[in-house]
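In structure tokens, one chain follows: the form predicted alone.
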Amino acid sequence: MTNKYYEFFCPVKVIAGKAALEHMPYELAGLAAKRPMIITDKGVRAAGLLEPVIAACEESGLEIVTIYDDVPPDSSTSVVRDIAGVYRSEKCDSIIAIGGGSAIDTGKAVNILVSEGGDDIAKYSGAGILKHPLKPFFVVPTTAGTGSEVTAVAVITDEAKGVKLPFTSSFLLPNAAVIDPRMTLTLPPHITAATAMDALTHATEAFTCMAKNPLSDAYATAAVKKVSQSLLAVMDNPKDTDGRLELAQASTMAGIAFSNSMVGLVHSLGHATGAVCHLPHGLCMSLYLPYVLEFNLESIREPLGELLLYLEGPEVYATTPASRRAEASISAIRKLRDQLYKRCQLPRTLKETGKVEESQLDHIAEVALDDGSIMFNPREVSLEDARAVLRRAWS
């Protein structure tokens, strides 16, 4: 399982804690940024989450000239083009993305256009196209899940062609990620659950996939432990600031882990299900995780067994025979999902989503096989294998 050669890279400054937002103006000033543009969505603005950011900036004499709050759940090339136009006409010099994965990805793509010039974002799609640093860019995540604030990837839909354009470059990484528990206090229960399970999946796949390494392992195990210890407490007490901060940090740590190791079949199936049935990403991650771990079991027995320590704690780990630990880890994840289903009906099977037809499973399997992350799955996956996992996840 161990790789003799690996690379680990995470140059994002993390600013975390209960007054993290108030430190952002100082960071912006350090990059000579005077006219930041905020990119966000209607939900974030309606929840009042922009107020503390604006207040912090105004107190230190930074003027927020422009707020764009119309980012859709699936961001598109036309939205990116529109925002870049506003950025230029308002003479902005930096970007603050506030929101979930979509707002952050949009911010990354806008930063390409306003830094590199032009209106055609598609020509920068792919890996290694960008050769220069972009404008100062800050990210304030409002969900504790995607880890997008520490990944060098963005995905934007090209509506004209009906395809998702991937962008990969270390220049997409923000200058800083601001992790403040105030930003996730208002997350509704089902999103809290789905995004935390997204983080748990990132960490578990990072720890059990082919490209795992000692540095990514450290982040992955810490993330698993934080989600295991805090998720249900936050579900039962949504205003638990400490628990919210733990989940937000878990998401960031899981993001650092998987972007430096890779993910596997859970993501391949998740991306495919999102494309075919338009289900949210975090929900797909939570849904497929145990079925994929069962499929991979004999290839990942050792690392999966080690995760029991972080999923269930030292007492359970010590009293579980080594040969049963991997299975016990899967049981722990199933138990957590059952608790979440009780509290917010987070689906555990494709049938429970109510959005997937059994007749679509073959198509999902075919799309999943073309997904890049399947290469890093610890066990090789044939079309029949993918179908079998989907059938198990059906009901």
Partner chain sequence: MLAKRIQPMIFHARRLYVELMFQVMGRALQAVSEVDSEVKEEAQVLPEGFLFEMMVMPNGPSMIVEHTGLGRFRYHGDNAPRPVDLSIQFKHIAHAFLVLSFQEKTSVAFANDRMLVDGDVSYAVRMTRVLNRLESFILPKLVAERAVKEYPQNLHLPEKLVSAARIYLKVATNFVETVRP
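Residue numbers count along the first chain shown, from 1. This structure is a prediction, so every number in the text was calculated from the model and none was measured.
The form predicted in complex with its partner chain exists for this protein as well; it is not shown, and the discussion that follows is about that form.
Looking at 94-102, 208-216, 173-181, 71-79, the stretch with residues near its partner chain in the predicted complex, meaning non-hydrogen atoms within 4.5 angstroms, turns out to be 208-216. Taking the partner from the other structure, its partner chain in the predicted complex has a heavy atom within 4.5 Å of a heavy atom of Asp370.
Interface membership of Ala386, defined by any non-hydrogen atom within 4.5 Å of its partner chain in the predicted complex, is ruled out. Its partner chain in the predicted complex is not approached by Pro25, whose heavy atoms all lie more than 4.5 angstroms from it. Proximity of Ile374 to its partner chain in the predicted complex falls within the 4.5 Å heavy atom cutoff.
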